[in-house]
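A lone chain, given as structure tokens: the form predicted on its own.
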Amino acid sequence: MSGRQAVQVLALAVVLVAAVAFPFWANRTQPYYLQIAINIISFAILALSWDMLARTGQLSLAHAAFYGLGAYTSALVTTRMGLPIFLGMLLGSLVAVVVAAGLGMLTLRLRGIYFAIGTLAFSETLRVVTNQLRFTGGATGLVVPPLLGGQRVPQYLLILAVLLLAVVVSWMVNRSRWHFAFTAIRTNEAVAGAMGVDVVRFKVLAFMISAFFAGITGAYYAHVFLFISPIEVYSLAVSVGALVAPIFGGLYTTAGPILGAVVLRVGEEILRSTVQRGYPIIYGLILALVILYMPRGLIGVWASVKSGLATGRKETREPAGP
């Protein structure tokens, strides 16, 4: 292991230890911070799961659908059928995976904005249907039993474990032959197919992986916040938020979506507490400026800074000319 790799491993270990120790401190001194941390981690999972799908070139707005399916499936099987909460959460994520496989097969011929519109229409259809069905609680919503007895520290550690699982999956995808297949499909599907890449298989697999993490996050949300309604869990804001964070942090990476989710949520909280009125306008302007002038996101900026520093050191070491 090189010195740089050793430093990276040490930094990751420090971050992980701090993340695990944080809820025990916050629960005693600042419980509100613990709730914010749970929101940030949930948002980071959604962002990373969206990015894993975007690596195949699919601009999806169906995350709200998978999020809502996970939430409602878990809520219904635990309240109506009396199943354990953990089993309900697992079933919620599996339902999202199955629906994603079907949706992926149906929308494979759509490209770009047409695919985005198709996935958005699917989410909106689920919202309208759920709003009309009586057994889902309709527009009134559902009261959901608490996860882990409502104890915030165990709830935090559970969602942190889900984030770590998503990080491991993303890391493995980026270091396997899937990475090359995803990149080829994103660049040119026709050429990828001619090279022997099974385009249909890889696009559907990416959709299923993405849906799994969105579904389990939705189920988690239901049992932590104890109430769900169609207008909330199928909200377009869920899909847009999952899309914006990876763009802000850096697309097609593991760290970018997480960094984007953390910075956006912390920044939003700071603006809410300081500006109060009108903070969404400032928040939107910041997002627009970043997307316009930082197309590679925060990770891209960091890479450029590192490259500039390395170039400067190299020029310094080179001997002066005659």
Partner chain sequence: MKLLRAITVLLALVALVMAAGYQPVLGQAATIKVGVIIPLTGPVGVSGQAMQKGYTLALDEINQNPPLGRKVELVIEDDRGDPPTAAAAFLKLVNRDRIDILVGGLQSATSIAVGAQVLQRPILMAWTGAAFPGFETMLKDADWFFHYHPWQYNNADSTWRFIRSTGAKTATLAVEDGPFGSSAIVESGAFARNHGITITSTETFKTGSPDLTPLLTKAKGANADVFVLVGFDQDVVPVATQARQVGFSPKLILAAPPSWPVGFEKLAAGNNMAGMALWTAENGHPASRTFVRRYRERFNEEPTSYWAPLAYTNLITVADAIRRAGSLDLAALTRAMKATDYEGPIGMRLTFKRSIQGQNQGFTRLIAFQWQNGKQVVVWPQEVAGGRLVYPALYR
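Residue numbers count along the first chain shown, from 1. Computed from a prediction, not measured in an experiment: that's the story for all the values here.
Separately, the form predicted in complex with the partner chain exists; it is not shown, and the next lines address it.
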Only one of 200-208, 124-132, 184-192, 77-85 sits within 4.5 Å of the partner chain in the predicted complex by heavy atom distance, namely 124-132
In the predicted complex, the residue from Val168, Ala161, Val98, Ile231 that sits within 4.5 Å of the partner chain by heavy atoms: Ile231
Can you pick the one in Tyr221, Tyr72, Tyr156, Phe212 that has a heavy atom within 4.5 Å of the partner chain in the predicted complex? Tyr221
Given that the partner chain is not shown alongside this chain, does Trp178 nevertheless sit within 4.5 Å of it in the predicted complex, heavy atom to heavy atom? no
Classify Met172 as contacting or not contacting the partner chain in the predicted complex by the rule of any non-hydrogen atom within 4.5 angstroms, answering yes or no. no
Could you list the residues in 86-100 that come within 4.5 Å of the partner chain in the predicted complex, counting only heavy atoms and keeping sequence order? none
